[in-house]
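Given as structure tokens, the chain that follows is alone and in the form predicted alone.
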């Protein structure tokens, strides 16, 4: 692996120098006098579409500028990364630059977040300026999964409705953002029974939200007991476990019969990462206020 890394580092360095010296060669080749019968200032022996070329040298200012860019390239490559694995004399990295910019931003805006942190989440959710700040935090940290409009996607909850897996009060939302969540529904096929029994249970689950399935819902109700431990006998879920409500027709992975059968057969698992190491407590406070405001 190390040999391959050295090879690619050397190859990149070779390509860079090949391009630089290639430019120098082109300049030299075009400047030297050629043994031909066309004197300087005369027309060359070719034209195209009525356009002719004169045998004139390149302007001196243009050549000097071209040489200056080549000198700049050598200086730049000596100071900054650009030659394979060579890190540059200044030791600059994009990561260090980003951390420096983030530190400057934190120093500039920390006082604002500290002031926001003194306000309760419910009151902060009514502050238009705080919500704008929270929206930007959401866009940078949460929108990749939940969408820029927070409407979610398959496997990622919609944050704009009132259906919450773990609870939608301010304290719980803050706990979720800070520590993350890990949800897991185990495969239930071995417990529920064969394919017919699974279809019956799916029909019962569909009936909880007023729909019909191809199986026998009444039979499925008697086989729902293994699922009731988390979802409750009435199917209304349990926020302590993150078990969803099956009666409101709001589905994280899809509520059609085929998807429900897949869920029973194979289970589901998902994880929301913790943000306590990415965002300060004050920023999490503002972000919580924004998420809290979405369903109010």
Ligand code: HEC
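Predicted, not measured: the structure shown is a model, and the values here were computed from it. Residue numbers count along the first chain shown, from 1.
If you look for the form predicted together with this ligand, you will not find it shown, but the lines that follow are about it.
- Contact check for residue 176: a heavy atom falls within 4.5 Å of this ligand in the predicted complex.
- Though the partner is left out of this view, residue 10 does not reach within 4.5 Å of this ligand in the predicted complex, counting heavy atoms only.
- Within this chain, residue 117 is remote from the site of this ligand in the predicted complex, having no heavy atom within 4.5 Å.
- By the criterion of a heavy atom within 4.5 Å, residue 213 is excluded from the residues contacting this ligand in the predicted complex.
- Residue in contact with this ligand in the predicted complex (any heavy atom within 4.5 Å), chosen from 152, 226, 88, 84: 226.
- Contact annotation: this ligand lies within 4.5 Å of heavy atoms from the stretch 252 to 260 in the predicted complex, the single such stretch among 42 to 50, 252 to 260, 55 to 63, 22 to 30.
- Taking a 4.5 Å heavy atom cutoff to this ligand in the predicted complex, the contacting residues in 198 to 236 are 201, 205, 224, 226, 227, 230, 231.
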